[in-house]
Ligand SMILES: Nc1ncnc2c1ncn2[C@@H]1O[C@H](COP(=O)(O)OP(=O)(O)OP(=O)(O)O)[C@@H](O)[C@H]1O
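Listed next as structure tokens is one chain, alone, in the form predicted alone.
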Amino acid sequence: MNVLHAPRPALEGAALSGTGHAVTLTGITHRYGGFVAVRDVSLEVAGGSLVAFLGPSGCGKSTLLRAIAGFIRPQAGSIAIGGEVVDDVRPNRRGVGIVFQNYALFPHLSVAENVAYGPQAQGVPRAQVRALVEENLRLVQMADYAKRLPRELSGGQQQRVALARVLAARPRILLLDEPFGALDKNLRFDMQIEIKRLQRELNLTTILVTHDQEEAMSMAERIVVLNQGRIEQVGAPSDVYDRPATLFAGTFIGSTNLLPARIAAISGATTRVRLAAGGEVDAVAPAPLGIGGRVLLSVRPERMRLVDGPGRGRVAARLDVSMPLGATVVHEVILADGLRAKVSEPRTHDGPAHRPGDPVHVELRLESGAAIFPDGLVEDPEQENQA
């Protein structure tokens, strides 16, 4: 039996309530000296959901996490957990549990003693502490390791213990601060699955901080893309990937090709663009500028394919490199304007149809949507001449 789905014992006060407490951030701003780490961030995290704060180093995601935990007090704004404003509530009174990248286990305490630490500090009776330890070690499949010290465990086992220790304290909110960074790829994936199962089973509101886009895409129900202390986009992983709201969101998440173009025509929701590399394509996307405006057409590699001949929606190119990656092959092509683009296709067993150096055409398949952004160049020719 998979212990993650085994029925939990009816322990008074031992199990998580599973009520799914919401987290509300309103106008959060925080500075470190003259540096603004978070700038006027407002966000609602639904109760029982798993949300990822995603962005590069210095984007403000860890500052937001520490503010929710109560480790820092923002200079402006307010934080509520389960409808209760917690701005003046100490960290140990907020009902927030946090798992760090380094796990932060007590090295001199056994696994069982580490897990018991939180409930004991809360004054939970000894019999209930023992029941909490047993229950949560079963949940993370570490019941057989109760007497071991942290140094006798692998990285993945230490992470399971760190998670059990947090859950034993019966938090209202679970915060995960880059929790998988120290694990190898296969173990990281296993732990991602484990945490997601536990989160759903316990209906525990969870916020994951990560710079790993694949991690956020695979685990979260919603992704909050952060950049320079501001929210760039909030949405389901598929929405953020397929319909990025900003150029930053489109380029930070996944791989994309940015193709210079000009707007040739606009008809309802369809924008026709004339590519600098030659040819025109119709994109189901709103035009950010009027006719003639310079734009960047963002096209994911899997929305492009190599074809033999010219045609509508196709661009001439030369195949430079092909790299097989398991079930897919990634080609790098050189377009007519000298720009390089990546094309991702399913790998076939018939051998390559095209070889490096071959002239090819690239077909853009944009019927399910595309992203179009202003390219940031000066639009006025007189200004260009003066620049």
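Note that residue numbering follows the sequence shown and begins at 1. Since the model is a prediction, treat every value here as computed from it, not as a measurement.
Not pictured, yet referred to below: the form predicted together with the ligand.
Asker: Would you kindly say which of P356, P324, G58, G27 lies with a heavy atom within 4.5 Å of the ligand in the predicted complex?
Answerer: Partner contact (heavy atom, 4.5 Å) among the options: G58.
Asker: Within 4.5 Å of the ligand in the predicted complex, heavy atoms considered, which of E178, E113, E302, E194?
Answerer: Of the listed residues, the single hit is E178.
Asker: Indicate whether the ligand has at least one heavy atom within 4.5 Å of a heavy atom of V343 in the predicted complex.
Answerer: No, V343 is distant from the partner.
Asker: I'd like to check something about S62: if you look in the predicted complex, is any of its heavy atoms closer than or equal to 4.5 Å to a heavy atom of the ligand?
Answerer: Looking in the predicted complex, residue contacts with the ligand include S62, since a heavy atom lies within 4.5 Å.
Asker: Tell me, yes or no, whether A37 is in contact with the ligand in the predicted complex, where a contact means a heavy atom of each within 4.5 Å.
Answerer: Because a heavy atom of A37 falls inside 4.5 Å of the ligand in the predicted complex, the answer is yes.
Asker: To test your reading of this chain, name the stretch in 315 to 323, 44 to 52, 328 to 336, 27 to 35 whose heavy atoms come within 4.5 Å of the ligand in the predicted complex.
Answerer: Stretch with heavy atoms near the partner: 27 to 35.
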